[in-house]
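A single chain, nothing else alongside it, follows as structure tokens in the form predicted on its own.
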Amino acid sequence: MDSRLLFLLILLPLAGGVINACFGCRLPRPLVALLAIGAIVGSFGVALVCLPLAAEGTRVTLFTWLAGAGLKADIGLLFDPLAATMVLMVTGVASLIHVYAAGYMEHEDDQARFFALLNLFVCAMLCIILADNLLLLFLGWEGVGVCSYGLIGFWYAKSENALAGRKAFIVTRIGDLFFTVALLWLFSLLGTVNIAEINLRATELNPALLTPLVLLLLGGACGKSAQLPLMTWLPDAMAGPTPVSALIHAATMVTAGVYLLCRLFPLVSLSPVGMAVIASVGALTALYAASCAVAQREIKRVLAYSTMSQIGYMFLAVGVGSVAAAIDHLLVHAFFKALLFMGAGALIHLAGGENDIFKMGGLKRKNPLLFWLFLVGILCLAGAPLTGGFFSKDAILLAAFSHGNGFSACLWGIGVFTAGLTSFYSFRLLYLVFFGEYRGEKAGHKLSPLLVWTLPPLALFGLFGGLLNLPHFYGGHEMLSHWLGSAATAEVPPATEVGLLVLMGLFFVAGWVPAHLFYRNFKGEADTPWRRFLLQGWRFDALYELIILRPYRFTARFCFIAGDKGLIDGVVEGLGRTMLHWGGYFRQLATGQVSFYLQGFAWGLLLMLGWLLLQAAV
């Protein structure tokens, strides 16, 4: 098989995006969507055909795009088990989201712009996954940021949507700055940007430099994956169309940070401090986001915080050294989170465009099929026993527990408690949306079949995704761990494992029961300070406004008034006024009278003679 076929993985969505961007407005509307869908499905087909190339790891170079001063960067792809797994997930889920978007956006006037951005977004994500060097990866990294800005602010005529797009762009740029510094630093230390070479030579690095390097990489990952403290953009990103939310939250942008840490794991794992910080950031973000989700009222914001929380689990897995557990949860999460977001879009249509779950209710009777599909997603998110979400999350917590030290035990405890919170807000969402009487005032819209029939495949993969890496304890063979060549799932004595499973089951029930009691027959929530605190995301936006934005605006205003207006404009305008003033005096000499000019000439001649006599005397 010709390995150059791998370039079609990126070129197909790139071509779809460019054609729609240049000619989409002149094409028939169905053709615009078909072109975008065909590009992604074609890319998925190429990934399946090329899968055998991944077993041994295939590297293919198209050309060198930067060379000189010791730097050499290729347009080169690395298709190994990790990349192949991610490519199949991204193109597979993105294909279903594109089909769903064709139904969701069928009445949208500017379909060409939407599908062009959607195709380019997937293209940029595939660049991140397949790049064999950090420069090409960085190109995709920035491409994802630019496309997400356009997609989140797609309905830019509404100021809140435009602001959400701008916020996502700026906050993720902060993380990108850390990544840029790490990239340049690695090049200065090792003289290469090739990822395989960096991982191979990581042991040559000075141990004292490893931790700051890992922390810089973590900063970049936190920006893209919305982890503490760069997480405030994600809930606001819900202003974008629902297919965009599904694509960003399930399969692409937020997973880029996890992928970066997994791709550079041989380097990252050499720093124990860095690993501890990664695990801590993941565990704390999981807890923070889950606590916020329990008080949200908008259905997409509940799911946004749940995404942040689940990505936190993946960071925790990387931090405790289990790449296979992180990728396993990333895959399963992609399936059930796409299912939930796409289901949420259909529910919003059923509720007449209403996004507030307090104004929903009773939607089970309106569309029973949608209820059962959404229930599968909720069970996976809540970690119901024997679902895909249960197995993948259990593997992460087991990896944390098996370290056997106090620090890891604390992380494990946070993870277990967060699992209970996840169960609570998941069932709270389910009961408020589907049970009781309809509390809204808007009439529902008829659903396009594409909004419903794209969901069953995701439900199946979410429900049975745990089989991909089923541990030996359950009779599985840990296929994903073997495929990735990663360490097998952590093992503990069987009695301990049974005890941990029982505990996980208890926390699942402990979250479900209060949700059932309080929200099965919903009669309203009291507006308490702690609910407002959680609703506003622990008021991090207000905190950042106080400690960063206000000082920044004050400094900018000071520089504008004192520096620009006072100093620069003052000097320039002052010089101008002085010249004008003196020009007035000289203008008075231009009288136009010959006798005046002769008098001046005589005085000038007299002065010159006097000067010459004085010089001769000296």
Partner chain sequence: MIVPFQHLLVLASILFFLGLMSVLVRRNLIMILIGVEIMLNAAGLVLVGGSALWHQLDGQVLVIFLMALTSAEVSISLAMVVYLNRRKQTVDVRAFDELRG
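This structure is a prediction, so every number in the text was calculated from the model and none was measured. Numbering follows the first chain given and starts at 1. Just so we're on the same page, rigid core means the largest C-alpha set that superposes within 1.5 Å between forms.
One more form of this protein exists, namely the form predicted in complex with its partner chain; it is left out here, but the text below deals with it.
Original post:
Does any heavy atom of residue 587 come within 4.5 Å of a heavy atom of its partner chain in the model of the complex?
Top reply: Residue 587 belongs to the contact set for its partner chain.
Original post:
Could you tell me if residue 591 has a non-hydrogen atom within 4.5 Å of its partner chain in the model of the complex?
Top reply: So residue 591 counts as contacting its partner chain.
Original post:
With the partner left out of view, is residue 602 within 4.5 angstroms of its partner chain in the model of the complex by any non-hydrogen atom?
Top reply: Yes, contact at 4.5 Å.
Original post:
Is residue 607 a contact residue for its partner chain in the model of the complex, using a 4.5 Å heavy atom cut-off?
Top reply: Close contact is absent here: in the model of the complex, residue 607 is far from its partner chain, nothing within 4.5 Å, heavy atoms only.
Subject >> Shift of residue 555 between this form and the one not shown at or above 2 Å (CA, core fit) >> reply: No; that C-alpha moves by less than 2 Å between this form and the one not shown.
Subject >> Displaced residue check between this form and the one not shown: residue 590, CA, 2 Å or over, core reference >> reply: Shift of 2 Å or more: yes.
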